[in-house]
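Encoded as structure tokens, the following chain is the form predicted on its own, with no partner shown.
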Amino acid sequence: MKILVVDDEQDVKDLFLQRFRKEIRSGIVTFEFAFSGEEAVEFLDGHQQEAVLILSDINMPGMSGLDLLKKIKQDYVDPPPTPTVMMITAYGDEENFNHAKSLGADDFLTKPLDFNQLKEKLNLTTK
């Protein structure tokens, strides 16, 4: 499973690589990182069928995560499958949640990320 993580905070990359170390080593998951919505669009334009899941921060300078979500759900539907998009934000308020859902978000996570919960959602937990 290839996951594209979109977040303007550079340290997120190290955090994901550390928390998914075992899954990366075993080849279950691979990560790509974009540090802006615009960078994510560039990646998707060149690798559209590779990203199965996109984890995107909502609050970023330039193209926000909500703008990116809208673009993905409009522009990256053909050929299928449309990537699954989980929105990540430090603000778990109802307005952002409802807006993200109305734009087609497949799930919604709040910061700080609970990596065990994320692994459960991705069916990567070992019982």
Partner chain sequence: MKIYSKYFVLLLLFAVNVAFAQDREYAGGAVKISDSNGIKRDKSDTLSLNDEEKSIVLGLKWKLRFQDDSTFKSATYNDKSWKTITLDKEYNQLKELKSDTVGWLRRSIIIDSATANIPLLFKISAAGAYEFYVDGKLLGTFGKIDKKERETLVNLLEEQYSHQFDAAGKHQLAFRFLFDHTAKLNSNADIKFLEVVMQRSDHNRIKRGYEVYEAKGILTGLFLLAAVIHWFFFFQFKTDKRDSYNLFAFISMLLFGMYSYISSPSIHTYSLDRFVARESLESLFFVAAHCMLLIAVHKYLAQKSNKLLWISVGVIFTFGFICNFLIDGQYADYADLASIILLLGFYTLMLIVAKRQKAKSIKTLLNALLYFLVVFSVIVLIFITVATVSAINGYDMNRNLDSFLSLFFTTILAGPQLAVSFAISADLAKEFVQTNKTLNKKIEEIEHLSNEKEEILTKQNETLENLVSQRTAELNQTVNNLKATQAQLVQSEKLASLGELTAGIAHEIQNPLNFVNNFSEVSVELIDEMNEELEKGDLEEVKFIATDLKQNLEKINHHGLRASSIVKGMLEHSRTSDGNKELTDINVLADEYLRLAYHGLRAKDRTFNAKLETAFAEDLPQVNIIKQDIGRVLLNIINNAFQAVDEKTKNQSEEAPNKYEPCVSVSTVVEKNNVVIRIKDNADGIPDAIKDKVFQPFFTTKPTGKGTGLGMSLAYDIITKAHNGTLTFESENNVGTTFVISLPLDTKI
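Positions refer to the first chain, counted from 1. Please read all numbers here as calculations on a predicted model, not as lab measurements.
Although not depicted, the form predicted together with its partner chain is the subject of the following passage.
Taking the partner from elsewhere, every residue among Val12, Arg19 and Arg25 has a non-hydrogen atom within 4.5 angstroms of its partner chain in the model of the complex.
Contact annotation: Pro81 falls outside 4.5 Å of its partner chain in the model of the complex, judged by heavy atom distances.
In the model of the complex, Lys71 stays away from its partner chain, with no heavy atom inside 4.5 Å. When contacts are judged by a 4.5 Å heavy atom cut-off, Gly62 counts as touching its partner chain in the model of the complex. Not displayed here, its partner chain is kept clear of Asp45 by more than 4.5 Å at the level of heavy atoms in the model of the complex.
Exactly one listed residue, out of Glu32, Asp67, Asp75, Glu39, brings a non-hydrogen atom to within 4.5 Å of its partner chain in the model of the complex: Asp67.
Contacts with its partner chain in the model of the complex, taken as any heavy atom within 4.5 Å, map within 96-114 to Asn96, His99, Lys111, Pro112, Leu113.
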